[in-house]
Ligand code: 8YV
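Only one chain is shown below, in structure tokens, and it's the form predicted on its own.
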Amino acid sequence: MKHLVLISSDILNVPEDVAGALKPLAEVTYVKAPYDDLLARASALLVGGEKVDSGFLERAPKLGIAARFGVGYDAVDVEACSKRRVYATHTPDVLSGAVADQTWALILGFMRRIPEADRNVRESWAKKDRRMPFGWDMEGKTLGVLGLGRIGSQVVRRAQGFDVELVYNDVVRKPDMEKRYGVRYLGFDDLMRSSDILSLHVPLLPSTKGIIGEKALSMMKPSAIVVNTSRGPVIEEKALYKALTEERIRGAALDVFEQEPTPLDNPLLKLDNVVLTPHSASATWETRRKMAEMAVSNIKAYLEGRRPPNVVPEQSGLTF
């Protein structure tokens, strides 16, 4: 009897020709969560943002791999997976460039007030409305990067085309990056105080949840902006809203939110000093296909009796 592979139909970018690589080994079914009775028969699951915890795993006694479509895997209880000998995999590296591009799009979109300029052309310019939105130069600004991992490194790499000072904070010093790109290490508090643009690239962990809260925001310059393409809960949105409305910082550019999709009554959506995108930093045709191919390759390796190539770091020494 063939294995059963479930692909969450909430993931919009797993083309059938990519998933077809699994068909000689398994029955492949696109299905919407919560997967109903199919989960009890599934050997493998390709998931998006669904929570895979102990309760979920109890419903999936035959599951051997939970393949995450994305680099972040905070919705996956890795400890519970390991106890049940279930591989947890993700898709690192292939989306780093796309997310870094989106980070810079958000930075420049805010600094040059692109959304407002777009509205001006569509609604006001032909009416001789001269209230043209003025922005701010990048030259001479300090770009602070919190988290100099795969994506943060790509953001710094792209910064070489701008006349900005580069500073960073990370749990691990990166001397090679410091030498190659001229990025300077700072402690967390000094990073908050120094950054004109603070770009967040940390995973969602207990140590990073709410790391940008009232205390961190109170250290920042009144002219500073916060850019987040990592995970929404690393920012306390209530504290951010307060800082923005009290003009204690200049603005924010966000691709991720504490709750997703973010509710239409989220007060951040009403502010003019915020640029927003719908968790779309990896949403390019090329990148999403690469992510699909990597997720499928992880499942294929498992079905062939091999250790998947992209297990999450917590399972790096484990073979089931």
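Residue numbers run from 1 along the displayed sequence. This structure is a prediction, so every number in the text was calculated from the model and none was measured.
The form predicted together with 2-keto-D-gluconic acid (8YV) is left out here; the points below concern that form.
Although the partner is absent here, residue 225 is not a contact residue: none of its heavy atoms lies within 4.5 angstroms of 2-keto-D-gluconic acid (8YV) in the predicted bound form. Looking at residue 71, you'd find a heavy atom of it within 4.5 angstroms of 2-keto-D-gluconic acid (8YV) in the predicted bound form.
In the predicted bound form, 2-keto-D-gluconic acid (8YV) lies farther than 4.5 Å from every heavy atom of residue 252. Taking the partner from the other structure, 2-keto-D-gluconic acid (8YV) in the predicted bound form has a heavy atom within 4.5 Å of a heavy atom of residue 288. Not one of 141, 166 and 193 is positioned with any heavy atom within 4.5 Å of 2-keto-D-gluconic acid (8YV) in the predicted bound form. For 2-keto-D-gluconic acid (8YV) in the predicted bound form, the listed stretch (264 to 272, 277 to 285, 59 to 67, 28 to 36) containing residues with heavy atoms inside 4.5 Å is 277 to 285.
In terms of contact with 2-keto-D-gluconic acid (8YV) in the predicted bound form, the residue from 155, 146, 95, 76 that brings a heavy atom within 4.5 Å is 95. Contact annotation for 218 to 237: a single residue, 231, has a non-hydrogen atom within 4.5 angstroms of 2-keto-D-gluconic acid (8YV) in the predicted bound form.
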